[in-house]
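What follows is a single chain, given as structure tokens, in the form predicted on its own.
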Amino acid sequence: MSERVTTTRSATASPAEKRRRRSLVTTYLTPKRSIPGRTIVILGILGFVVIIAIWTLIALLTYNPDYTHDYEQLVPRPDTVAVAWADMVLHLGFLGDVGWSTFRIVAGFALAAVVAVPLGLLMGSFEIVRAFFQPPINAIRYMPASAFIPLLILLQGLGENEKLTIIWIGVFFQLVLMVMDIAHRVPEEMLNVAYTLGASRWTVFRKVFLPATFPEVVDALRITMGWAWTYLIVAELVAAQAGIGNFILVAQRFFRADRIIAAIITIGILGMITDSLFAFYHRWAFPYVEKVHA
């Protein structure tokens, strides 16, 4: 009798279970389908947990008992790096290096954006401007920014101008073409409707064209900010008296892998902060634009 009841319950529950599984597949494995916010947070945290677990495993597998200190290991453990980071902040003036790097990033990136965004909008709007600027910019953007460092040292010395120029070169040529493409994709029909309603060219530019481009321009700025950090560290590794790149170089000379990893993680944290600021501004300024969760 009990076996019959069990079989009946199993048969009854089977369709419901299948529906639940289909619902899960529909929710989580459908392209462009949103998933619950709580799931996004859990998966984001889980991603970091997996990385730390893999890091710890590699540290254990490469552990050498002959070393006197944990920081001498080729791959120090996460807790060793955390201790090194605290020591860097408390005793080695690391926050000063972070401040210098942040200043250079903000200044160099702002100088590039101030020129690249207006020029990109003009190139995307007027064929005559695009025809003049696009060929040389296309050519220069393939030249590595780091290749200009020896020349800039000769021309500008080892001061701040050289580092800001490296960031400018690394960001400007990529950003201007991204903005140009954004402006070029604005539907012409949208502008024609405004003209048909009697709007002037300036009104169409200010009220229609700019609002249509600004959300994607902010995204382009957000992406290129990440590139700016890369070029900054390259410049600081070559010639700098302060900054995260210089700190990494000094740590390398003393075989302090723990400090190198701590500095690299700091760059990642700073990058996440700047990325979050851009994402917050995007949500605040353009609430009508649908975006992938940041």
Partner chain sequence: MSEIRLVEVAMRYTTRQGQVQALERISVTVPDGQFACIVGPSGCGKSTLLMVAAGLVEPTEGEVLVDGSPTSQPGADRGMVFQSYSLYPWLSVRRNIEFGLEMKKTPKADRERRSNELIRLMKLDGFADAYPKALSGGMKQRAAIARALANDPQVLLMDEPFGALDAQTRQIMQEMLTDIWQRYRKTVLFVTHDIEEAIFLGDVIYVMTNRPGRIRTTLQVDLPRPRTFEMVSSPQFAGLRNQVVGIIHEESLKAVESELARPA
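Residue numbers count along the first chain shown, from 1. Bear in mind that the values here come from a model prediction, so they are computed numbers and not experimental data.
Keep in mind the form predicted in complex with the partner chain is missing from the figure; the text below concerns it.
Listed residues A86, M190, A110, L158 were compared with the partner chain in the model of the complex; M190 is the one with a heavy atom within 4.5 Å. The partner is absent here, but in the model of the complex a heavy atom of Y195, alone among F103, Y195, F126, F133, sits within 4.5 Å of the partner chain. In the model of the complex, none of the heavy atoms of S146 sits within 4.5 Å of a heavy atom of the partner chain. Looking at P211, you'd find a heavy atom of it within 4.5 angstroms of the partner chain in the model of the complex. In the model of the complex, the partner chain sits beyond 4.5 Å of every heavy atom of H184.
By the criterion of a heavy atom within 4.5 Å, I153 is excluded from the residues contacting the partner chain in the model of the complex. Residues of just one listed stretch (111-119, 202-210, 72-80, 165-173) have heavy atoms within 4.5 Å of the partner chain in the model of the complex: 202-210.
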